[in-house]
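Single chain ahead, by itself, as structure tokens, in the form predicted on its own.
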């Protein structure tokens, strides 16, 4: 799906209003694999929330495949998200009283997929992310890295047309980080899914085709990275 933002502004009101996005202009073509890179406070997470229809913007226009996305009702926004967007959050957002496999199955439940089929698919994705043996465990029984992999499996399982990932490897070890970025890259190549990764890690950004830099709420340099490959995503760029 093609994404277009024209002069998008976002201000958070308060005792001292915070103007976070200051006229963002951005075009992402269908099937691109891009990263939005910036320091803490640069506006990248706010931009991701707007792209994911999790937050409204104040001025400008946001189009998805030519459709204006603005001031949607919560029901309409939820329907749009469930149909087209897969999310990977840094904070995992898993349901505490459901097991790993049940968390991964959940989007398929809302799409009306039968119990047996959604369980099979969830197990397949957990296996691909090295968590097959943890399928019956609850989030409070898993490490941060394990919980993030469950969240990634949940995002991928519906085969969304857009995947939005906020620091998807932030809680993972180097080996798993490489596997996750390889999986996202494979999904992008084979299924032409548009993938947008928000990160402050150069190693993560270098796995994508295009690196969009944001600073102080303004889009800056945009790097074409056509020679990207997972091998640049080494231990030295991952470990903190």
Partner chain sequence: MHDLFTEVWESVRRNKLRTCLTGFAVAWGIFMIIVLLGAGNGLMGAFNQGGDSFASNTMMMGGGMTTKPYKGLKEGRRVRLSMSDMDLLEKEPFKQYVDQVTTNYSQGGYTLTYGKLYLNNVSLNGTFPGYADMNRIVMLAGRFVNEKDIQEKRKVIVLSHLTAKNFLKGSTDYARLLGEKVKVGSFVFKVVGIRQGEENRDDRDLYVPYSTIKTIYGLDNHIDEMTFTFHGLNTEEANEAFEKELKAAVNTAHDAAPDDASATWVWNRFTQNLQMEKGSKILHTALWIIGLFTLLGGIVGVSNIMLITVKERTHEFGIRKAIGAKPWSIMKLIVAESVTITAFFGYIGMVLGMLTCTIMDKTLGQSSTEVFGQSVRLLVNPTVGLDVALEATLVLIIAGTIAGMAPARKAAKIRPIEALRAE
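In this text the structure is predicted, and so the values were computed from the model without any measurement. Definition used throughout: the rigid core is the maximal C-alpha set that superposes within 1.5 Å between two forms. Positions refer to the first chain, counted from 1.
Beyond the structure shown, there is the form predicted in complex with its partner chain, which is absent from this document and is the topic of what follows.
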Contact assignment for its partner chain in the predicted bound form, among 182, 55, 65, 29, heavy atom within 4.5 Å: 55
In this chain shown alone, the residue from 174, 49, 188, 209 with a heavy atom within 4.5 Å of its partner chain in the predicted bound form is 49
Does residue 143 reach its partner chain in the predicted bound form if we count a contact as any heavy atom within 4.5 Å? no
With the cut-off set at 4.5 Å between non-hydrogen atoms, does residue 102 touch its partner chain in the predicted bound form? yes
4.5 Å heavy atom contact, residue 78 and its partner chain in the predicted bound form: yes
Indicate whether residue 154 is a 4.5 Å heavy atom neighbour of its partner chain in the predicted bound form. yes
Scan 85-120 and note down the residues that get a heavy atom within 4.5 Å of its partner chain in the predicted bound form; none is a fine answer too. 87, 89, 91, 93, 94, 95, 97, 98, 102, 106, 107, 109, 110, 115, 118
Residue 81 C-alpha moves between this form and the one not shown by 2 Å or more, core aligned: no
Fitting the rigid core first, would the Cα of residue 156 be found 2 Å or more away between this form and the one not shown? yes
